[in-house]
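Take a look at this single chain in structure tokens; it is the form predicted on its own.
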Amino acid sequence: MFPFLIYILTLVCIYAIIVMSLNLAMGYTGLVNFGHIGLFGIGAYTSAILTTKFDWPFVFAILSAGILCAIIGALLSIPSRKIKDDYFALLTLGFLFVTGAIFINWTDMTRGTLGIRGILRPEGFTEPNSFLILTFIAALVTFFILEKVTKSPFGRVLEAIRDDELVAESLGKNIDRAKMTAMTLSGFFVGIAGVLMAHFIRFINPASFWLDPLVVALAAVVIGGLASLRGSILGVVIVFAVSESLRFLSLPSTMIGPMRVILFMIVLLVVILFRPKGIIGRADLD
């Protein structure tokens, strides 16, 4: 029971980073980025390749992965100058498909569907307990940095862009630069989450960064609430509590997956009907 709890808490910390960084783009800036999990995968693969193939130290690998994902996040924001709302969401979904194709087909680096095995945990954090402490510290640092950003004048600019882009532009705000900055920060932190996931489970393959984690992240954002970092954390806790509670029921293994989806849908419907902003969100679900 105790090792299982450590495992779940570590995943909660990693997903808290994913969802907080997604909420920065989606909840605060209004950019629905379905490619967020693609950046998550890029961070994981970057660190896995650098540490297993090239023997890079963990510190350099995690910084490299974060910076690479930050750059790609910034590039993803460029189409938002011309493409808005649902069309931008579809474009980022296309990015997720492209990253999945790269993970599968660039076999010299990613080993395709065979995945990358033997990813070592960083020295001093090889045990589950110590690695949980590492992910908790990473989640805490992410929260405080993003809290500082969102409570600053820059954060208010992001919210103005989300509420009415034309009004924000008419007030002299550089909306393109603000969007790029938000996507850069979002990409950096989700890249860090990808590194932590790769070194936690010590094996990655393309299936690890497909639609399942995207559904979990979006559900956590919607349930916890848009434009609320605390809501992001609460949403992750609720999603994992709902998901993992099925393990303790006497259900056939073939039913657990479908039941998990049904429970997600019920929770989402209840939240959308009775709390359109999420449990502690500050922006409407448009």
Partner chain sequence: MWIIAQIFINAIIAGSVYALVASGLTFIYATSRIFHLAHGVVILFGAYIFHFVWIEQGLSPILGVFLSILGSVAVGLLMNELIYEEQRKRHAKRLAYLISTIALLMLGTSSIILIFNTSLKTFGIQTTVYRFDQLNITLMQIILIVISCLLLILLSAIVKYTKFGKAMRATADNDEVASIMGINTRQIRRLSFGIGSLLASIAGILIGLEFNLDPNMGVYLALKGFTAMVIGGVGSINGAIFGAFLVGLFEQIAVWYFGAGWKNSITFVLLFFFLLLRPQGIFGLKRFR
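Numbering follows the first chain given and starts at 1. Model, not experiment: these values are computed from the prediction. Each form is matched to the other, and the largest set of C-alpha atoms that superpose within 1.5 Å is called the rigid core.
Beyond what is shown, the protein has a form predicted together with its partner chain; the following relates to that form.
*Asks:* Using heavy atoms only and a 4.5 Å cut-off, decide whether all three of Asp86, Trp210 and Leu218 touch its partner chain in the predicted complex.
*Replies:* Result yes, every residue of the spot touches its partner chain.
*Asks:* Within 4.5 Å, heavy atoms only, which of Val59, Leu249, Ala241, Met255 is in contact with its partner chain in the predicted complex?
*Replies:* By the 4.5 Å heavy-atom cutoff, the listed residue in contact is Met255.
*Asks:* Considering Pro79, Pro122, Pro128, Gly115, which brings a non-hydrogen atom within 4.5 Å of its partner chain in the predicted complex?
*Replies:* Selected option: Pro79.
*Asks:* Using a 4.5 Å heavy atom cut-off, which stretch among 198-206, 88-96, 143-151, 177-185 contacts its partner chain in the predicted complex?
*Replies:* Contact criterion met by 88-96 only.
*Asks:* Might Met109 be said to contact its partner chain in the predicted complex, defining contact as any heavy atom within 4.5 Å?
*Replies:* Heavy-atom contact with its partner chain at 4.5 Å: absent for Met109.
*Asks:* Met26 versus its partner chain, in the predicted complex: is there a non-hydrogen atom within 4.5 Å?
*Replies:* Within the cut-off, so yes.
*Asks:* At the 4.5 Å heavy atom threshold, is Asn105 in contact with its partner chain in the predicted complex?
*Replies:* It does: once its partner chain is placed as it appears in the predicted complex, Asn105 has a heavy atom within 4.5 Å of it.
*Asks:* Though only this chain appears here, would Ala101 touch its partner chain in the predicted complex if you measure heavy atom gaps against 4.5 Å?
*Replies:* Within the cut-off, so yes.
*Asks:* Let me know which residues along 251-276 have a heavy atom within 4.5 Å of its partner chain in the predicted complex, or say none if there are none.
*Replies:* The stretch touches the partner through Met255, Pro258, Met259, Val261, Ile262, Met265, Ile266, Leu268, Leu269, Ile272, Leu273, Phe274.
*Asks:* Would you say Ser245 moves between this form and the one not shown, meaning its CA shifts by 2 Å or more once the core is fitted?
*Replies:* Comparing forms between this form and the one not shown, the Ser245 CA shifts below 2 Å.
*Asks:* So with the core overlaid, does the Cα of Leu9 end up 2 Å or more away between this form and the one not shown?
*Replies:* No, its C-alpha moves less than 2 Å.
*Asks:* Has the Cα of Pro57 moved 2 Å or more between this form and the one not shown, judged after a core fit?
*Replies:* Comparing forms between this form and the one not shown, the Pro57 CA shifts below 2 Å.
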